[in-house]
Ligand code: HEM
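Quick setup: one chain, the form predicted on its own, written in structure tokens, and binding and motion questions come after.
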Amino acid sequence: MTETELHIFLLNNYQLFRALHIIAVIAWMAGLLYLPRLFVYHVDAGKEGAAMLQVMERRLLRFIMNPAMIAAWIFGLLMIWANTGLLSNGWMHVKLTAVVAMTVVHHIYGRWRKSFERGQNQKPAKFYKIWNEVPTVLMIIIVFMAVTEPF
């Protein structure tokens, strides 16, 4: 496939990539909002509850959050590749910075999940309640940049 043919393919499928990107972001956000809530419950759970929560946390991260994050990145990058002019907009730089921050939060949550699995969590439930709000703030920034394109 030549570069021109690839570009035409990307442009012809732009709306498909956009729809798949939005679906992936919704699934990713669901996990980012739910996992720290599970951590809150995990802090207060007894041994039996903790074992069940570990399974839920691991499955949420591995089977929903990780694939959704990867898909969101792939389809987002395909859209940028199809329309590189997007990178000349300041709002896109803010959005991408927030997406990178969201990815960092995702990986931080993954580390915390592993600390629960090893029985090494030292943080109180309130800590996770506060961190539960971080993806929400980032989501607000991302959506406002993408929808309003303020600069």
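All residue numbers refer to positions in the sequence shown, first residue = 1. Keep in mind that this is a model prediction, so the values were computed, not measured.
From this point on, the text means the form predicted together with the ligand, which you will not see here.
For the three residues 38, 112 and 134, a heavy atom within 4.5 Å of the ligand turns up in the predicted bound form in no case. The partner is not drawn, yet in the predicted bound form one stretch among 46-54, 122-130, 59-67, 87-95 has residues with heavy atoms inside 4.5 Å of the ligand: 87-95.
Not displayed here, the ligand is approached by residue 14 to within 4.5 Å at the level of heavy atoms in the predicted bound form. Contact between residue 146 and the ligand in the predicted bound form is found at the 4.5 Å heavy atom cutoff. For residue 139, a non-hydrogen atom is located within 4.5 Å of the ligand in the predicted bound form, even though that partner is not displayed. For the chain shown alone, residue 10 is not a contact residue for the ligand in the predicted bound form, no non-hydrogen atom being within 4.5 angstroms. Contact residues in stretch 14-35 (any heavy atom within 4.5 Å of the ligand, taken in the predicted bound form) are 14, 18, 21, 22, 25, 28, 29.
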